[in-house]
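Below you'll find only one chain, the form predicted alone, shown as structure tokens.
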Amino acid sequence: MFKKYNYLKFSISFLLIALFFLNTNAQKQRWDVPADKKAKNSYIKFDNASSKDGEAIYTKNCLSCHGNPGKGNSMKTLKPIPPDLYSSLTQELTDGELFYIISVGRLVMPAFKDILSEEDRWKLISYVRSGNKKYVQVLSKTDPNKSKLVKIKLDFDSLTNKIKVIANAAEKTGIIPLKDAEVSLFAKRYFGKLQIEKTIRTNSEGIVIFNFPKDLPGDKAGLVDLSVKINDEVYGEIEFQNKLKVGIPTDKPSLTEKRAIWNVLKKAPIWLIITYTSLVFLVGFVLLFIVKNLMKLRKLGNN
């Protein structure tokens, strides 16, 4: 009787622990998506063309972790395990939730808002929805052409080392400031873009202010290539590029000016060219030696 009691106690304890971990994993899978983001819809119609484009985007950016949709072969070593995007867990989400998840990322999943354009993110969702026969799309009333009305201005205060970004839309009714729009500022570097601070929302006047690093190198004149990326609920996604004298004047040769292993062939290091050429000749010599001996063996065999 005592053994049966202990066995029952152990079973209940094991079940409770298992349920705890399952619930914890389910909590990890859930995303806290703001209500206004859930209701967001695509201005691109989901059809065969957009789905095909989305498949190419998925293959390049998502396949390695999420696996082939519908095959259940996502990367199991990641925690939490990336879901199969044809699964009911994913398909029950709204288009807005999917867009938000793809845009902001979490843990090992990157924020694709700085990697993919808004159009590409919607095309990606088009591909994800292509496996759901019950899905019915609700198109957004947002006009993507409204982004052309937006004008962006950059001002630099050398005393405080701050950059002010001003975003306004030139509507027929007058100048409208972009309120509560997400703004990201980037500085171009040799191997990509460096984000300045974090993404900030505009105030009621369509303005955000970034603290610019005081030690960021520029060109000989101190000029730095800057790019601004804005996401607005009404005007969509807008990108703006400009050069400002905000960096430290730097008279250094370009990374591609001198011989280096990452440069083109004619500017590769001499030792690398000699080594490569020697290896090619060595491999060619070995192949000729093998062919010559095979021919000798053939003659011996004929004799």
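Note that the structure is predicted; figures quoted are calculated from it, not measured. Just count from 1 along the sequence shown to find any residue number.
Note that the form predicted in complex with ligand HEC isn't included here; everything after this is about it.
Enquirer: Would P110 count as a contact of ligand HEC in the model of the complex, using a 4.5 angstroms cut-off between non-hydrogen atoms?
Expert: Contact check for P110: yes, within 4.5 Å of ligand HEC in the model of the complex.
Enquirer: In the model of the complex, does V33 come within 4.5 Å of ligand HEC, counting heavy atoms only?
Expert: So V33 does not count as contacting ligand HEC.
Enquirer: With a 4.5 Å heavy atom cut-off, would you call A170 a contact of ligand HEC in the model of the complex?
Expert: No, no contact at 4.5 Å.
Enquirer: Decide whether L78 counts as a contact residue for ligand HEC in the model of the complex under a heavy atom distance cut-off of 4.5 Å.
Expert: It does: once ligand HEC is placed as it appears in the model of the complex, L78 has a heavy atom within 4.5 Å of it.
Enquirer: Using a 4.5 Å heavy atom cut-off, which stretch among 223 to 231, 132 to 140, 200 to 208, 84 to 92 contacts ligand HEC in the model of the complex?
Expert: Heavy-atom contact with the partner occurs in 84 to 92.
Enquirer: Can you pick out, from I102, V183, V150, I163, the residue that has a heavy atom within 4.5 Å of ligand HEC in the model of the complex?
Expert: Only one listed residue qualifies here, and that residue is I102.
Enquirer: Taking 4.5 Å between heavy atoms as the contact cutoff, choose which of A260, A49, C65, L272 touches ligand HEC in the model of the complex.
Expert: It is C65 that has a heavy atom within 4.5 Å of the partner.
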